[in-house]
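One chain is shown next in structure tokens, namely the form predicted alone.
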């Protein structure tokens, strides 16, 4: 009896320890470590971090010796590394640090560590774009305020707590191979270039530097007028050119390894070179020339559109393609994954591969602006993998977006990729514990754009949830936790597409915060391309945006055979059907159902899939610490209610046009359309 009681007490102690995590340590949780001797003749802050990480996280043979070796090797590119079970070799100290994290990850996940394998990054520049404002708020941020900015602290010496948070942030980024941070919102404040703010940039850069994170800032194109007191911001004006040259010199005196500028110009009301009759190339090149002597780059965003009766999806291509070859070699055109705006599903932007003489970088959105904020569980790796593996056919079959942007096909001086951050001051950094997987996945794909989503999910789950103590008392962790949770993650993005905007529908959110459904929203006087009816075009005849040759002709921006494939309703992939075609409600789908019924089944499938996620998560309760289990469980309940609202709102609204019944096999709506349209559906759907 006493032995049984002792065993139960021991298990209870183990479980108490297990059930005490808040997610703050991300995928870098402490584990029981063995002894290791680290041999390295080099000394630097970065090498010191690598040595410390190895000693704190070693999971290999107890008493082993590992050598860190900096030696030039032509097979190793940039900050890549060569890995063996007992040696990490690189051309740079930063490569040693990346190799350290790779070795520790493989030890912790049980992946093999083969002898003398070279790991080179797919992209040279791998950045997080923080849409953080100087007052501490974050545009499209769902995890608390900024880790960098606060209106009360921006001109003060950073606190110990702030520096610790920046160090933790840098460590997390370095562990997944990220090497750059854009510290502020693309809708930049002109105050960003003032002396006090730049001093804080220096303080941040000093903390991030040992982990290999370069700092970048977003700048407002009209800063010479707003900050410098000039009469113009014309990029060809000599006084403007001198002002920017002087400002760049000022920045590099503070931050010698400053990375460069991110610019949003001539878009959504932001000032730009077009205000002065100049081109994007004129504006970008002026900044690039100022940065060139210091090794800095300009990331010039292609997200541009203005009020127009023409198809908004065509505007970026129309503005940038005529400028191909006119940009300096330290200018990179930053292109969103799709031609509209980070929608749950879009075809890839036709600029990928089409710009053959200009460096182009993908811009992905880690923060879930259009995919349920920090409420919905949506693993975005599957979306990004879909993009990177999309074939542009620009240089024949196999010209994927990945290969068109990573230097495999085009001779780019710089290769880069950016992700719009989902990080804030919340304890778990991202608001949702599973949203951490998207930060992790972005870093892993930025380092290796050939990784698959199942591989990434497998790594993240093991690093984030596996527990040695738990493994000792439960032998079925892989079967009963890893496999079902991984399946849930892999299905989550498609589920969200189904209950939000299936079959190529897009941008039918409510106006407020891009969260709940609002296919009806079209205030009088509002510019058309800011309203959902502009995109879904629902009427008594059918639904969808006609982008064929007989419509807006957006299909012509894609290289053959895609142009013809998208143009022909018979060959257009059904996932993009209503993106490219306006079709009758009676159009016969591949399933044999008419279009209206197919739409209904997709919404229903999405809702039921989220309900399955709830069951999956409830079943794994004993494998998860109490705090994270309850938080995720609560989020899934909200997501399920949200999916119900999305389904009911969209089907009841579109039913007014189709005049058809919802298939009788499907569950009936539980909300009234008038109620959803009259009340704030966002407030309803986000309520916990």
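Residue numbers count along the first chain shown, from 1. Source: prediction; values computed, not measured.
The form predicted together with a small molecule exists for this protein as well; it is not shown, and the discussion that follows is about that form.
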In contact with the small molecule in the predicted bound form (heavy atoms, 4.5 Å), from 195-203, 104-112, 362-370, 394-402, is stretch 362-370
Is there a heavy atom of residue 539 lying 4.5 Å or less from a heavy atom of the small molecule in the predicted bound form?
no
In the predicted bound form, does residue 214 come within 4.5 Å of the small molecule, counting heavy atoms only?
no
The small molecule contact at residue 140 in the predicted bound form, heavy atom, 4.5 Å:
yes
Considering non-hydrogen atoms and a 4.5 Å limit, does the small molecule approach residue 131 in the predicted bound form?
yes
Would you mind picking the one in 82, 486, 514, 171 that has a heavy atom within 4.5 Å of the small molecule in the predicted bound form?
514
Which pick from 264, 602, 609, 328 sits with a heavy atom within 4.5 Å of the small molecule in the predicted bound form?
264
